[in-house]
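Form predicted alone, single chain, as structure tokens, below.
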């Protein structure tokens, strides 16, 4: 990000997740430790034998903080951890922690910033979560295209081993923890936790039918917890400063903590900005320099390409947290805010997004496999000037038949969100395309002379 350090958060707000952004060698362990890094992990290592620190205590602190998953769903993190069966009910199976670093949602680039500038923040969060979950081996599943990120993570993991923060009987505590970085192959669907698990096992990234849920039977049929990069980074700060501090940053008790917002599209300064959970959209827009060229907003996608679009009116008083965006009938998702100005062709915008989902469908479920390319084909036909009046209602009908639990995972629901919201809220633009097509068909019939020449050439070709 190109902004100076003072420009990526609201005035008066002390950055948390991006506090070390811009520091020399911020991704190396010596600088991290000098800034107080691994202090909570050291407390765990020294206090585990005395009973001062227990897995239940760490889990309770995370639950008390109100931390909700930053990967998209917003499920309470501490509660998710409690779904793992107790040791006596696991049948001797180990527990695994998987860090979801498969950041593939269009418009999202916050996790990449964290792992490329401050990877030890993530590693310490993983160590603390692993202690809470009785994990002996954790994995970071990183998107295949993030070449530099994977290199930096591997380097950070090696540094952590060298400093004695990972391994067997860590610093005499009796704790054992290994962390492995695993690169994916660039499939969007592997951001879904069960598809990620399948891919980590070496299989095709197809989502699993649930139940069983990963907490009971995940990777290698063992209890598994999947958390996002930003989520795990937050765990480190909850242990450092306490859950009461964490809750002071949010808009209310159900939306707490610091939040990273990606903003892109037609803004002056696209980038990653940090603020308290519930930061008003207009305040974030101001941080990003406003709409490019001083133009007006036409539409905003508040949570990545899979989130329903909102109109300019709907975002005027929008708080950017899980419940606030849900009340506007969209979702915060990964907090990837994409701004479209008044000159945006909404028909082409929706068509472009639908192309992405048609390409990324894993093909496992018929409604998704057949529906996503069909929707894109219909939209491309409208853009090409070949649309029909019945196309819009037909698209809405088919889209509604694709989602709402008709597929194994929520990919189909994600794919239809921009179509349903785009066609419904900006229908006049779609109708204008179709009306223009109809007018051209009526006003420009093929001249008889041209038709005769074409027919003559065809006949000549047939008999030659």
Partner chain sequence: MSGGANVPVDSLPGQPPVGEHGALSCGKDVKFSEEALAEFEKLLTRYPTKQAALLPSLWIAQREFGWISREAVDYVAGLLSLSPAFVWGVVTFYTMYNRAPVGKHLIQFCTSISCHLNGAEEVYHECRKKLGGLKPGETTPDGKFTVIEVECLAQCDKAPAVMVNGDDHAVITKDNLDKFLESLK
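Just so we're clear, the structure is a prediction, and the values are computed from it rather than from any experiment. Numbering follows the first chain given and starts at 1.
The same protein also has a form predicted in complex with the partner chain, omitted here; what follows describes it.
Interface membership of residue 367, defined by any non-hydrogen atom within 4.5 Å of the partner chain in the predicted bound form, is ruled out. Although the partner is absent here, residue 192 sits far enough away that none of its heavy atoms falls within 4.5 Å of the partner chain in the predicted bound form. Contact check for residue 118: every heavy atom lies farther than 4.5 Å from the partner chain in the predicted bound form.
Heavy atoms of residue 359 reach within 4.5 Å of the partner chain in the predicted bound form, making it an interface residue.
The candidate spot formed by 53, 77 and 330 lies out of contact with the partner chain in the predicted bound form, as no residue has a heavy atom within 4.5 Å of it. This chain is drawn without the partner chain; in the predicted bound form, the residue among 394, 162, 384, 147 with a heavy atom within 4.5 Å of it is 147. This chain is drawn without the partner chain; in the predicted bound form, the residue among 380, 292, 251, 208 with a heavy atom within 4.5 Å of it is 292. Judged by heavy atoms within 4.5 Å of the partner chain in the predicted bound form, the contact stretch among the candidates 126-134, 311-319, 67-75, 349-357 is 349-357. Taking a 4.5 Å heavy atom cutoff to the partner chain in the predicted bound form, none of the residues in 53-71 make contact.
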